[in-house]
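One chain comes next, on its own, written as structure tokens: the form predicted alone.
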Amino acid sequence: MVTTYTPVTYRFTLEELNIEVEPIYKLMGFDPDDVHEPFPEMIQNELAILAPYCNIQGGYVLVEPVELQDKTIIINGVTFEVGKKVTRYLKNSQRMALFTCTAGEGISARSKQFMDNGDMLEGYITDVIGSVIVETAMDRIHNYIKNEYSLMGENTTNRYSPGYCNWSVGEQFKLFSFLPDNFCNVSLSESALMHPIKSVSGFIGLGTDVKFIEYLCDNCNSTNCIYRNLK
């Protein structure tokens, strides 16, 4: 039986996140220094009115003990088949922060409504902004974890999610078994997809000897990864 861990949660307003346009441009495939109208105006207009559609929240539980093997990570008796790369990136972790974060359901609903009405470009822009919002919120939480545990002499790794470097998305079920039900209003479908759609989850390793490694996109086969598209 999985031990109950104490969750830590955060909420953000869109204004607090101070979303930058550069990652939006990059995720859309643009050179940030060479973006022409109507895109800058459309993005700024959408950012100006998106706040009521956001329900931005996230959090984590800190779990231990952890055991890292060649291709697996074992947390309190639960084995995660993460593969060699993720295991290597999380090397020397003494415990893990298992996290989830979401931009909320409203953004995806707004994007879908645009597309259903034939406004494909508006829908696409809103969808991309939703992706950047959730990653920006998770960046904040990641930094909170880093700053808090550095005071205790611990370092943090980068964050890694099911679907990254051939880590099966199906392992979401194991990850979510450590989180409270409907944690931060995020749930899983039967196919292990998160709802709301604009949500992320994964591991952050902590320990005195762990290292933060930038995402090595050239060594990864994933073509749908947001980190590759933002590189």
Partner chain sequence: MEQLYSQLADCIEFGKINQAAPYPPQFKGMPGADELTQQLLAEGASAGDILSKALIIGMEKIGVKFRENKVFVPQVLMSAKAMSTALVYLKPLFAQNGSDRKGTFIIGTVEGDLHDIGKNLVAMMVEGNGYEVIDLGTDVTAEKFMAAGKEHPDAVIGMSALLTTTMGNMEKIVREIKAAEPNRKVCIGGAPVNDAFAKKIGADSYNPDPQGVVEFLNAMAS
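Residue numbers count along the first chain shown, from 1. Values in this document were obtained by computation on a predicted structure and should not be read as measured data.
Beyond what is shown, the protein has a form predicted together with its partner chain; the following relates to that form.
This chain is displayed alone, yet in the predicted complex one of Gln44, Gln69, Ser191, Ser177 has a heavy atom within 4.5 Å of its partner chain; that residue is Ser191.
Met115 belongs to the set of residues with a heavy atom inside 4.5 Å of its partner chain in the predicted complex. Under a 4.5 angstroms non-hydrogen atom cutoff, its partner chain in the predicted complex lacks Glu135 among its neighbouring residues. Gly170 belongs to the set of residues with a heavy atom inside 4.5 Å of its partner chain in the predicted complex. Proximity of Val186 to its partner chain in the predicted complex falls outside the 4.5 Å heavy atom cutoff. The three residues Met28, Tyr124 and Asp127 all sit with a heavy atom within 4.5 Å of its partner chain in the predicted complex. From the list 193-201, 46-54, 178-186, 60-68, the contact stretch for its partner chain in the predicted complex under a 4.5 Å heavy atom rule is 193-201. Contact residues in stretch 30-55 (any heavy atom within 4.5 Å of its partner chain, taken in the predicted complex) are Phe30, Glu37, Pro38, Phe39.
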